[in-house]
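Next up: a single chain in structure tokens, the form predicted on its own.
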Amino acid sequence: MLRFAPSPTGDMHIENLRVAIFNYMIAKQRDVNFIVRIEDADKERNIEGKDTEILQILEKFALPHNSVSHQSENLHIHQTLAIRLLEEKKAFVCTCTPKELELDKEESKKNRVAYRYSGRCSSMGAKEFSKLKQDNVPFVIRIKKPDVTIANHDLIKGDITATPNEVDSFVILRADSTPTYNFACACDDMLSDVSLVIRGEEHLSNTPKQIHIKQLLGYEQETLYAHLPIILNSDGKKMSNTDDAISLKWLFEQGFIPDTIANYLILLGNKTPTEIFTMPEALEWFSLDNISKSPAKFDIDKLRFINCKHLGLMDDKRLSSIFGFADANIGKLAKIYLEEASTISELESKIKPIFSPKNFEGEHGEQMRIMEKIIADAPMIDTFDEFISYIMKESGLKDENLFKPLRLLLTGAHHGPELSDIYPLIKSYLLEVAS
């Protein structure tokens, strides 16, 4: 079982998507279930509708899943398991005030040591729990820190160890009785029998804590972990929400298609047999063993190159549908412009003027009007050579007085591909085009 566990707290970004793609692909290769768990336990940060948006994006990238759940559905189970740890003396009640904890942090800073919980409440157990509840005294539940170092072999990062003090006695149940991220995550992975967790390396410090939770709960099935290196921006820094390219929404607005984005994210920091591929093709050879341990740098120019290649491979009729047509010729027309465009937005800026009303007020407006009338009265002409001969004969125009205004009339642009390449693809629309 593999899972993708996003939080509905903001727009989905490329690092989230990379995690989803890798989990889906490994699940597909192993012929096991791929589930989606919306981690909505942090109610204050949840944004309404983001869970639906996440599922829509997975659908857009053709990442089918076996089930969808919300972490909040397991709230009662989380609470029950926390109390069980308390009763088994594997956790304790903590009534430390924010002020006391802050003083502990200041003391650690003063002594130049990493902060860890002081342990002042570590003797408070189930008996104190009942009394505190009865007296309405605020408290949290903390897990007891491990006695030994927790070791784990990460499939990408290698051997990882965490000392008892690094794991510490962290909170598993907040004062409002909701679980913390690590506790809810570990419990849910355990309940679903998730056998491999693939996620970003920002979770590296969470892994020993989650292993510790599972061990204390008596979970014996081995869980493997693989932490993907971060993606750096063009300046070589960790991507943040201020980087446009991190947002899938921005990439879609710019005209990058799902096949391209998936191709690029699989390629990034990976050894692949080819540069351009689809996800079904990548399933044949994809392996976590080939993922680099080092951060990968996001390259928008590379993404544009890959996008251009995928647009060129797209079925002509399907490509035309992006521009509101169901005509393979319009798809072929768009591909002619891939010499100078590499995104849907850029292609649209080339295709739209062809089918938009033309401007007859410019330098060549008079010649354009003459040709507009000739085309309106002309029979269907099959080839461009026959078409240009007909226009020359009927108008008496030639050279610059013919070709410049004709290009403006047919394409709405001063420059572009050869008209002899464009004409066969738009001849069925001439009355609409030349007006």
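Quick caveat, the model's predicted, so the values are computed rather than measured. Heads up: residue numbers just count along the shown sequence, starting at 1.
Another form, the form predicted together with a small molecule, is not on view; read the next lines as being about it.
Indicate whether residue 266 is a 4.5 Å heavy atom neighbour of the small molecule in the predicted complex.
Flag for residue 266 set to no.
According to a 4.5 angstroms non-hydrogen atom cut-off, is residue 185 in contact with the small molecule in the predicted complex?
Flag for residue 185 set to yes.
Residue 212 within 4.5 Å of the small molecule in the predicted complex, heavy atoms
Judged by the heavy-atom cut-off of 4.5 Å, residue 212 is well away from the small molecule in the predicted complex.
Within a 4.5 Å heavy atom cut-off, is residue 181 in contact with the small molecule in the predicted complex?
Residue-level check for residue 181: yes, a contact with the small molecule.
Of 196-204, 152-160, 293-301, 239-247, which is the one stretch near the small molecule in the predicted complex, taking non-hydrogen atoms within 4.5 angstroms as near?
Every other range fails; the passing one is 196-204.
Scan 39, 53, 394, 372 and let me know which has any heavy atom within 4.5 Å of the small molecule in the predicted complex.
It is 39.
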